[in-house]
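Let's start with one chain on its own, the form predicted alone, as structure tokens.
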Amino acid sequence: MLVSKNKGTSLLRSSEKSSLLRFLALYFILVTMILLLLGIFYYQSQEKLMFSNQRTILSEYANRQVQALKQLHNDFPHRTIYPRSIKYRSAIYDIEGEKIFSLLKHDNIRFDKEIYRVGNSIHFLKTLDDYYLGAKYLFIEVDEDKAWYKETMSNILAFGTLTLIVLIIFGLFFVSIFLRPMRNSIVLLDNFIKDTTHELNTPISAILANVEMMDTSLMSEKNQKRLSRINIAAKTVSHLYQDLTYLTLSHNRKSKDEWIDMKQLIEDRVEYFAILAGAKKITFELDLKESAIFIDGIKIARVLDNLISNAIKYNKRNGKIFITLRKNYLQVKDTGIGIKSKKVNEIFERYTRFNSSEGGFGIGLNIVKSIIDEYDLQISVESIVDVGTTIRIDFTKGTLDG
């Protein structure tokens, strides 16, 4: 047995949430891209600073090595040991770029750059004025100190995260300002609907009651047709009134769940809508089996009324409505105008209509979806343009009889 969750999520909150999430997603992507670019620029500047610092140090090492090479050149051939240092490694090349001697870990050297990175080492190139030992080029190599890299990445992550948080807070503040006109418009519309609803009940009830009490046998055929049109119009407004009442009052009340005979309810609602369907020469074909679900009677009536009403509203003249009921599902199929596949997922959004020539506020299927979600039922829609639409509701185990 399923207990109603009574979610009652308002249009104001859902619309704001949807707009807020879309804005924040775009805002987050843009801010992230900007911060990423700033991070790249900062990294490059720190790398340049590191190379500048290393150039000063390696230039000093190169001067020391030049002095050692000069000394070796002068003592040659009495001394033939190539000068070494624990602080750096070096290599000498002749004017043709041929290696004379090398202690480098990485031999993929470059003659077009003064300082550059090779693997995890840094190379520094010094061009010699004097050809000591026949050398024209001196390379100094040291292991790269990654301390600057760790500090740079730490700063990027820390300041980037802090900046992102601050910008998101500003984004939330600005989007609340941007959404204020929409919020005010929706509140105004909801208040209008609520106020209008209170004024509709008495005249609608009076019209329907008087129409039912009239003796049509005493009327001419022309007057009978006029009365039928009045009855159709009154029932159309009555259906709208019931939707508006549900939106403003019923969906916030505590659900009164009970076992509902779905077959009997469908037959009653089809009889109620028969005169509306008859105006477009639409016929019903019912295939109903016994089924009962545990649900609020007013809410399941709203579901049925809106499914049938939409099947009539968007059907073709001389069309048909097929209603199938089984123990575990309900299906309503029409031979109407259909819906484009890319628009199917939008039919449950409030104020959405797919034919501007038809009346209504576009709130019926939104009510259906809210009730379906409240009771954890499953709803699916299949539609083909100019062929028709099929809406199926699958009942869950908790709502089924037995």
Partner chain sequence: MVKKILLIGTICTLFLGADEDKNVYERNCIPCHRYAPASLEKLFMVYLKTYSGELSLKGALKAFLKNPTEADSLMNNTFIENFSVKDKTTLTDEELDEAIDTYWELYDVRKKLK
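Remember, it's a predicted structure, so these values are computed and weren't measured experimentally. Residue numbers count along the first chain shown, from 1.
Below, we turn to the form predicted together with the partner chain, even though it does not appear here.
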Check whether Ile95 has any heavy atom within 4.5 Å of a heavy atom of the partner chain in the predicted complex, and answer yes or no.
yes
Looking in the predicted complex, any heavy atom of Ser217 within 4.5 Å of the partner chain?
no
Indicate whether the partner chain has at least one heavy atom within 4.5 Å of a heavy atom of Pro77 in the predicted complex.
yes
Taking heavy atoms and a 4.5 Å cut-off, does Glu271 contact the partner chain in the predicted complex?
no
Let me know the one among Leu133, Ile169, Leu188, Leu157 whose heavy atoms come within 4.5 Å of the partner chain in the predicted complex, would you?
Leu133
Report the residue, out of Ile81, Ile177, Ala147, Met213, that has at least one non-hydrogen atom within 4.5 angstroms of the partner chain in the predicted complex.
Ile81
Out of the stretches listed (299 to 307, 321 to 329, 134 to 142, 224 to 232), which one is close to the partner chain in the predicted complex, meaning heavy atoms within 4.5 Å?
134 to 142
Any residue of 44 to 72 that, in the predicted complex, places a heavy atom within 4.5 Å of the partner chain:
Leu72
